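Okay, so here's just one chain, in structure tokens, the form predicted on its own.
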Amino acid sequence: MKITVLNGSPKGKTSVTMQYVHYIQKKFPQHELKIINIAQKIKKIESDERAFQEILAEVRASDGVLWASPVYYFLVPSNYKRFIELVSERGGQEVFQDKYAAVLTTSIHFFDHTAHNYLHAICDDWDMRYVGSFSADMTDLLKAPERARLRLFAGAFFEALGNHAPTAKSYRPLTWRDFDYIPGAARSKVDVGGKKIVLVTDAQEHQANLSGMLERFKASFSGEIETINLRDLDIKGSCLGCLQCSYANQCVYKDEYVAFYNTKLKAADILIFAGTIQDRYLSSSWKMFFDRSFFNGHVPSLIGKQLGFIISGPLSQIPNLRQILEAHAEMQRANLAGIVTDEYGDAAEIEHLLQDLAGRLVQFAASGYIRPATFLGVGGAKLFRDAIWGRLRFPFRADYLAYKKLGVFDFPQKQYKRRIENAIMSLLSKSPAFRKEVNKRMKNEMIKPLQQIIES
């Protein structure tokens, strides 16, 4: 069987992900895996219609498609995302229809599930026959048990193709409301109280609803707020995955992005990100924005800031995207004050929500409120903590130094008092009488220190 491998890594053949594909090819020589470097050659694919059609021809002639990509910032790299947009924009989905598909990613398992959910949903949207996915750690190929697991995954994929196995969809098609939002006048103004507010968008002229919401949102404030359109910035390309920023946070690109991020975003008290949903995410321009922010490494760069999102499109139908936005805020140690969309088609309600968001952003900025992190932020931070302390300390020297300064290395092994207490209690718990007494007093002892705080 012939499998078209769509390579999502901007590093092309030197990608870690492609080494897993090569391993599959070696272990299953009876099948042909044709690798196409999508992300690395996206500019040519976008500008050269012939190159784009050649890719579609390869897919058309194949028995299945393997989406193979690293995970970049909760999703796939922006160049890969742009290819998915091009297929939809140019009506190429029919080539993918009924093709069996699987997903293979490499990462350190930081929000790999949201990347997998995204690609799975794209497969469903294009009427592909999604078989399954495999999320490999970047070093799994060095481990015999993980190589065995990869062989089982690949074998199951080939078997599904050969047997024409039935598949079921997990994601419903998105439904867009036919609604034109016309902004009304603001009935009151929010005093910014000296806070610096920056609104970042990728809005285009034809995106009337998004533009209207931004107009109404800006009218909610007593003064002007700075608005920056990503499309007006000189951003020469997306993250290359070269890791040259890992030593001192210096990006290899010589364009406006780093200066924009450092002087505008880091200097703001309040940030509003605004865009229109394209497929199951925002635009590839927004994905490029997030990918390029990796020059900061794994260190939160928006600590203490208030964030808001204004989105045109059916966000409530894409819980995966909402989780990404929430996780972004938590990983930045920022506060997500709210998200406003136009999806419910009620102009009065939209204006009320926009006005309320404006007020909450300023209120929380004045009080310094940051919502406690959930599992999204806590789990993600601990994963990075362990990786930067250990196997990624080199080359991510800048991350390591920043983590030490921020007190990120809060390993439980350092809680010496607790360790001694645990050792003593474990020894005593061998006594049935002691365990009986503990069980009798457990509930009250758990809340006793909390009650002391309340009573004091």
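Residues carry their position along the shown sequence, with the first being 1. What you see is a predicted model, and the numbers here were worked out from it, not measured in a lab.
Just so it is clear, the following notes concern the form predicted in complex with a small molecule, a form of the same protein that is not shown.
**Student:** Just one of 326 to 334, 99 to 107, 171 to 179, 184 to 192 has heavy atoms within 4.5 Å of the small molecule in the model of the complex; which?
**Tutor:** Looking at the other structure, the answer is 99 to 107.
**Student:** Please tell me whether any heavy atom belonging to Tyr73 falls inside 4.5 Å of a heavy atom of the small molecule, as the geometry stands in the model of the complex.
**Tutor:** Judged by the heavy-atom cut-off of 4.5 Å, Tyr73 is in contact with the small molecule in the model of the complex.
**Student:** Verify the contact flag for Val16: yes if a non-hydrogen atom of it lies within 4.5 Å of a non-hydrogen atom of the small molecule in the model of the complex, no if not.
**Tutor:** Yes, contact at 4.5 Å.
**Student:** Going by a heavy atom distance of 4.5 Å, is Leu243 a contact of the small molecule in the model of the complex?
**Tutor:** Because a heavy atom of Leu243 falls inside 4.5 Å of the small molecule in the model of the complex, the answer is yes.
**Student:** How about Trp286: is it within 4.5 Å of the small molecule in the model of the complex, going by heavy atoms?
**Tutor:** Output for Trp286 is no: heavy atoms all beyond 4.5 Å of the small molecule.
**Student:** Quick check on this chain: which one of Leu150, Leu199, Met138, Ile339 has a heavy atom within 4.5 Å of the small molecule in the model of the complex?
**Tutor:** It is Met138 that has a heavy atom within 4.5 Å of the partner.
**Student:** Which one, Ile350, Ala365, Cys239, Ala274, lies within 4.5 Å of the small molecule in the model of the complex by heavy atoms?
**Tutor:** Result of the distance check: Cys239.
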